[in-house]
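Okay, so we've got a single protein chain in two different forms coming up as structure tokens, structure 1 first and structure 2 after it.
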Structure 1
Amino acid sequence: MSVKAATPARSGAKSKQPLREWKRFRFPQSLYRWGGVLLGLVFLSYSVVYLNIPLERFFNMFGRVGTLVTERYYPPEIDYITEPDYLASVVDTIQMSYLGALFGMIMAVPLGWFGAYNMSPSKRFVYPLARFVAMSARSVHETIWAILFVTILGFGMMAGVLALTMFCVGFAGKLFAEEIEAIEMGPVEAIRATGANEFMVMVYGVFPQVRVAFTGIGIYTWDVAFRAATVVGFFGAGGMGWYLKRNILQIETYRVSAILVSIVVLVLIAEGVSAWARARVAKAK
């Protein structure tokens, strides 16, 4: 038996205290819950032992990281990231993320429509196919997509744009489908009763309900694509990542730290811009 906090209220008291409420532990729900917690702890302990993870080294890691940074990566060579060539690569990274997010969301809108169970034209064939495409695009990491397209198309921004496009298709397609599945079907059925086609149903019945959500998802997709764009260049897709890879291979540690600082600053700026845009979109509700 468990007791919820409570003391009977005294007469004349300004604020009444909640009365005592008795709650019985229900069987077997309580057994399932605590059994699941126990199994999780057992599995965690087994994984640590089986993988031979030396936990004691974790507490010594911070001192070693601090020593490594101060001896090899400090101070960062700020003059390097202010050179025109590197600044041009920053612009290339921004453009690559913008195009990848734009093309990905254009493809994700019909994919989300087909992958929404309540709006899919065929729940038996089109729905599982659309879900499979979104899942496949999302399950492959953007760096793997970059390696694949670089192998096919060669080094350059085109491979990066296509890698980010595939990443955004899976990312935004799933979110779009879930938003469409959560709409109210009353307006949709009313518009269908007038004899409207599927395009008119989408424009007048679905889009007004998901307009704000789609805008927020689009902003968040670009935010994630920008972070990924700083990495795919490391695998030959161009942009800031190419400079990062070159200086790592040349063991130019001071330049590497400067590039990492620039990436962190740009990600923080992108996070601020996307947060401001999402706040403005939220007010539109």
Structure 2
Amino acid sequence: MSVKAATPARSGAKSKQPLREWKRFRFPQSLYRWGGVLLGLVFLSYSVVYLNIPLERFFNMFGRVGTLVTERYYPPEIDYITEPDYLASVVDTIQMSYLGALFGMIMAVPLGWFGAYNMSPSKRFVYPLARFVAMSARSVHETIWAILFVTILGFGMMAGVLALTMFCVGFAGKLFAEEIEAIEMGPVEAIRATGANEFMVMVYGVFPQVRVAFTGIGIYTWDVAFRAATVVGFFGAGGMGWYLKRNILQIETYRVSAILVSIVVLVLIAEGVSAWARARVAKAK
């Protein structure tokens, strides 16, 4: 027993012997496992204390949320969201979302190329740089991009479009790079062997292989960008978000809930359109 316990790593090889004693986890895995769990629990309870989370408020929150919704947010003022001003902002939001997705993807294609290990022009410099750019663009939240662009360029939809562009660059750039890394290298080599330059190798050897996937990713990117577009206006970057902010500040709760309803409906429609389009594209393969 003691020998076995001391060499748990080889227990797989010895498992043919009948075990005299069976335990789910043996030392020292058991120690790591329970230690990890314990550490996690300590971190969690410490977090609750550290963040000053009022547990009693958490537990009677459900009732409060219930009354809040039924008394203050219901019924939504549907008339408000059918006003032409608001509908115009919906159109703005849609425009912002596809412009952001489009510009983002135009930039994401070279970024995906440079950030794909197999095709990158330089594995030492360009590859890590492209990966870093994509990661940074993605890591910074779209609302932060929106605030930055509003600060620099002033209020308006340009800031929103640019914020969504940055977000989409990172989002699509990473997915594009992964897609390029998964291609077959045979055709790439064949095109290279004809004496084509690297750009032509991309166009003829790589692009036909990833075209369908890129289209799907593009549609998905737009879908995600649309969700983000509904709120960038909250920080002054145009679209429906601005109406949301104004009504929250004026405590027009029925209008707020109407706007939320409109957001949910629009996102659902966008999701439906995106799923349908992606299915179409996948079939056209």
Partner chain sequence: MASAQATAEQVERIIAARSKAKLVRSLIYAVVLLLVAWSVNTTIIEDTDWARMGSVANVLESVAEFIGIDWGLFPHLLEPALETIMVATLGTLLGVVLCVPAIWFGALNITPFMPITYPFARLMMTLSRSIHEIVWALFFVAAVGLGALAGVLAIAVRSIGFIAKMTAEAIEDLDPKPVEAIRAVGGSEFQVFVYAILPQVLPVMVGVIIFEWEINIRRSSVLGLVGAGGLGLVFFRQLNTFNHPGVTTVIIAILILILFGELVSYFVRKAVI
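Rigid core (definition): largest C-alpha set, two forms, superposition within 1.5 Å. All values reported here derive from a predicted model rather than from experimental measurement. Numbers given to residues start at 1 and step along the sequence of structure 1.
Structure 2 derives from the form predicted together with its partner chain, whereas structure 1 comes from the other one. The rotation of the smaller rigid part against the larger one between the two structures comes to 20 degrees. Taking the core as the fixed frame between the two structures, we note the C-alpha of V37 moving 6.7 angstrom.
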